[in-house]
Structure formats: C-alpha cells, structure tokens
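Just one chain is shown here, as structure tokens, and it is the form predicted alone.
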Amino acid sequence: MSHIEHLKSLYPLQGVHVVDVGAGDGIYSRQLHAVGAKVTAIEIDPRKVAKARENLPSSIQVKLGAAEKLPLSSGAADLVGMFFSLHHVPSDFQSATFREIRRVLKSSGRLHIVEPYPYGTMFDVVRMVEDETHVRTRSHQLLNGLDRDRGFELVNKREYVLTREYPTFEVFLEKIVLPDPDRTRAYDAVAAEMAATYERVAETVDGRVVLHQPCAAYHFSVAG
C-alpha cells in the first residue's frame, strides 16, 4: 500500500488542484503529478525548496511557506495533503495550520493527512537519532479528535504499513540520516548501536531488505 494509491481510492485526482503541505524535496508531489493532479508543493525549508524546484517537473508549483501561513489564495485548492508532515509542525502552530487549510480549501474540498505511528522497525532505527514518540502520539490524538469545530468531518480512516527498501545500512544512512543535519550530529554517539539495530530488525521480503512503518491515513471533508 502506498499513500497515493490509498488516496486515489477515496478521491479522484485527475485534474484536481492538490496542495502538498510539508512537501520536503517533493517525493509525493511527483507521485500526485504522475496520476494527473495539478500540484502545488509547499515547504518551509529553503534548501528543500531549491532541491524540489531543481528536480520536479516544471508544471509543479513549488512555494516556500509554512503550514500555518500558506502562500495561497482562499478557496484555491480541491485537496490538501500532508504526508508524514503534521508531526513536524510545532504544537503551537497546529491550530493555525488547520484554520489555514480550511481557508485555502474549496467548500467541496478534502483534507488527507497520513501520520506514522511511534512504533515499527523503521521507527526502531530512526528514533536513535530522532525520537518522535511524543510528537507522533500527539498528532494522532489531534487527528482523532478533529471535528466540525475545526471545520472538518472524518470521511475515512485507514491503517496500513508503509514498507521501504534499504539494501544495506549504508543506504539507510545515505537516505534517512545524512541529509538531516540534526540526525547527522546525533549519529556519532549511536553509530554502532544503530547499525546493530538495523541488522536486527531489517527483514528480507521477496529478496528485498526492508523496514516497516505502520501509519494511519485520515481523510476529511469540509464541514458544511
């Protein structure tokens, strides 16, 4: 199961304007574009914005901006997506984020948020350089309590496991740890233990070495 595959089963993406909030370097923006969506990627980190602009198709708009202050006009979007990004929004700004999302969505719009759980083999390895137990737990609590008072109604919730392939620990480091300066700084103190944890929890499935990240996808409509 992939994030975009599941979203497609809930909402037709061909030709609709999708805003990818917390887009990073654009991995999900690219996938949304590939299935026919008109995509605007929003990212707060200027380095990731530059990388996304360099690597994504030119038809994808990439904008520098924060989730709590989206650089979009009111009613501009058919769907707002946040893929593994809500828990990165500081708690003080999360209420403002939902107000902003409601502002930029059309009255017929949808909000789709996928958040990882604080467990799974992927989490077992990553938490050694960035323990997100608290922020991930809080995000799920927030989403489970999101209701009409915030302008949204839950249409669908589905739990599934995202499986990612990392053939070696070195590949895992290259993709997950080294691009992040904070994780890189934390890595030296736990290098041996982290390598041992990867070797212990990584699984071989159909000849692929993988880690698993359980998550939940929350799909909301705009409350009338």
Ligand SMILES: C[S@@+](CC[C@H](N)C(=O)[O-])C[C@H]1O[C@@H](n2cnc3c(N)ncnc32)[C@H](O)[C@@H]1O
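Heads up: residue numbers just count along the shown sequence, starting at 1. Keep in mind that what you see is a predicted model, and the values were worked out from it rather than measured.
The next section is about a form of this same protein that is not shown, the form predicted in complex with the named molecule.
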property	result
Site status for the named molecule placed as in the predicted complex, C-alpha superposition, 2.4 Å backbone or C-beta test	open
The named molecule: the contacting residue among M194, A67, L173, L56 in the predicted complex [heavy atom, 4.5 Å]	A67
Listed residue (R102, H88, R127, H140) with a non-hydrogen atom within 4.5 angstroms of the named molecule in the predicted complex	H88
R30: touches the named molecule in the predicted complex, heavy atom cutoff 4.5 angstroms	no
The named molecule contact in the predicted complex: I60, any heavy atom under 4.5 Å	no
Contact label in the predicted complex: A23 to the named molecule, heavy atom within 4.5 Å	yes
D45, heavy atom within 4.5 angstroms of the named molecule in the predicted complex	yes
The named molecule in the predicted complex: contacting segment from 186-194, 165-173, 36-44, 152-160, heavy atom within 4.5 Å	36-44
